[in-house]
Every structure is written in structure tokens, then in C-alpha cells.
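Below you will find one chain, with nothing else, as C-alpha cells; this is the form predicted alone, and questions on how it binds or moves follow later.
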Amino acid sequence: MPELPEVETVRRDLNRLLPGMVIGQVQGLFPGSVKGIGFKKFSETIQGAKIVKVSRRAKYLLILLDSGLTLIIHLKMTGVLQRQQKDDPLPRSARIIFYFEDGTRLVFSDQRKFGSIKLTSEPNELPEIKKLGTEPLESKFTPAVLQQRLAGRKGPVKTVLLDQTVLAGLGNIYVLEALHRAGIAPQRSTDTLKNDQIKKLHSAVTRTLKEAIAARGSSVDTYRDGQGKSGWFQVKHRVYDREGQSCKKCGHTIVKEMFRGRGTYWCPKCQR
């Protein structure tokens, strides 16, 4: 599933390419990707609207239109959102296509059809947006804020960090990568973390996300950026999908465990 670094990479690409584009026809190869409104009304409502900017909240892309409406797009597990030239071949799993007046198009592809597109005038009032926690790349995200967000929680630290009401945008890959960099075992109870460990975790989270964005995300499955290209942060993974390989920090063997239904990669030697 695309996580914060992948969604932020797509946002940056599209925010460079889309503002000023006027939406013409909207084609629904799988109309079910549009939620909360019938596809016919959806397409009629946004036809002729101009794109103002593309922003992000957690794993959601927000495309602001000059009509005051906002497209809220969640890529879920296999969603891809990319701008194409008119002669480019359509992706096999193309679901919704936005055609622009200059002949280019924005294609929402989704192999497993779990992704969603919504149209709203009040994005911050949507329940799924309203409940989101702190953005880990904002300046207000400090070690003290992380300590506050973790206070009173006794579950495994991996599970807590995956909770979108705690921190917004983290997923399995980057939680595991950050925990390895911080030297904290995924199964460790959150209430046992000391102040210095929370500071290390804060640093590890922000550093890992920034490095991943610089590498344009991790293409471990279907992820592609806003131009249809792969990211390369997967070559810098320290634990994720490295079962049986040597830890890049201590040389011990990376193990994989199924933990609460999710594949969990970690180093038993340097993560405590």
C-alpha cells in the first residue's frame, strides 16, 4: 500500500503538472471507484473545473478545484494516479480517466479496486480526515509531541504507530524501517519506552520518511509516481522484505514474523 512517502511523491509530481488544467470529459471504466455520489453527477459536477493545487493529508491526495470542491483520492493497496500524454498506452487497470483540454489526461488505476475518489466542499469535515493524527513531517511534530501521542498507550509500539489517529501516514514499511533505525523491537510495549528512546524514535521516523521521499518512495509492488515511474527506496530498506539476510547494522539475520496479521521484519539482536 502506498504510504506517506509515496503519496507525497505523487503529490509533488502532480502539483507541478496539474494546476491550471481544465477538466473536460471524465470516463468511468469502473464507476465504483467514485464514492458517495453517482458517477454521472460526479462527472457533470467537475466538468469545466480548473485545478488549483494538489495537497496531501496522511495517505490521502486532495485536488482543489476552482469551484471550491475538492477531490479526495485514497490509493489504498494498488492505486496509481498519473498524468499521461494522449498517445501513452492506458494502464491495464485504469478505472477513472480525467481528460484535460490540452489533450493530456489524469488516470486513476487500481488493480484491486479498493481505492476511492470522493468529491466534497469540506474535506476537513469528512470523518476519515477529521480523525487523523499528527503529520510526522510538519514542524510541530517534535519529540515532546510524539511522547504526548504515545502517552497512556500499552499496546505493541508497531501497532500504535500504525494507528492513523496517532500519527498520520505511516504504514507497515516505514514503521518497521523507523523502529530498526531507533533500535526498538516492534513487539515492545509502548508504555515501556523511555524518554531517550522516544527521542530516537522521533528522529528515526522523520529521517526515514525524508530519505524515502528523496528516493521517490518504495516500489515493492504496484506503486508508481505521478509520472508512472518507480521509486527506489526499496534498495535502502534495512529490514522490510529482507528475511534471512544480514542486518546492515549488526550482521545478525533479519527475521520475519506474522504479528497481528501483518508481516513484521526485524533484527532480534539490535532491536530491543
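Note that the structure is a prediction, hence the values are computed from the model and not measured. One rule holds for the numbers: they count along the sequence shown, beginning at 1.
Omitted here: the form predicted together with the DNA. The next part is about that form.
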Test of understanding: in the predicted bound form, would Leu137 fall inside 4.5 Å of the DNA by heavy atoms? no
Is Met77 part of the interface with the DNA in the predicted bound form - any heavy atom within 4.5 Å? yes
Does Phe233 reach the DNA in the predicted bound form if we count a contact as any heavy atom within 4.5 Å? no
Considering non-hydrogen atoms and a 4.5 Å limit, does the DNA approach Arg260 in the predicted bound form? yes
Which of 79-87, 101-109, 147-155, 197-205 lines the interface with the DNA in the predicted bound form (heavy atom within 4.5 Å): 147-155
In the predicted bound form, which of the listed residues (Asn172, Thr120, Gln187, Thr142) lies with a heavy atom within 4.5 Å of the DNA? Asn172
Taking 4.5 Å between heavy atoms as the contact cutoff, choose which of Arg216, His237, Lys59, Arg224 touches the DNA in the predicted bound form. Lys59
Does the trio Met1, Phe114 and Glu128 actually contact the DNA in the predicted bound form, every residue with a heavy atom within 4.5 Å? yes
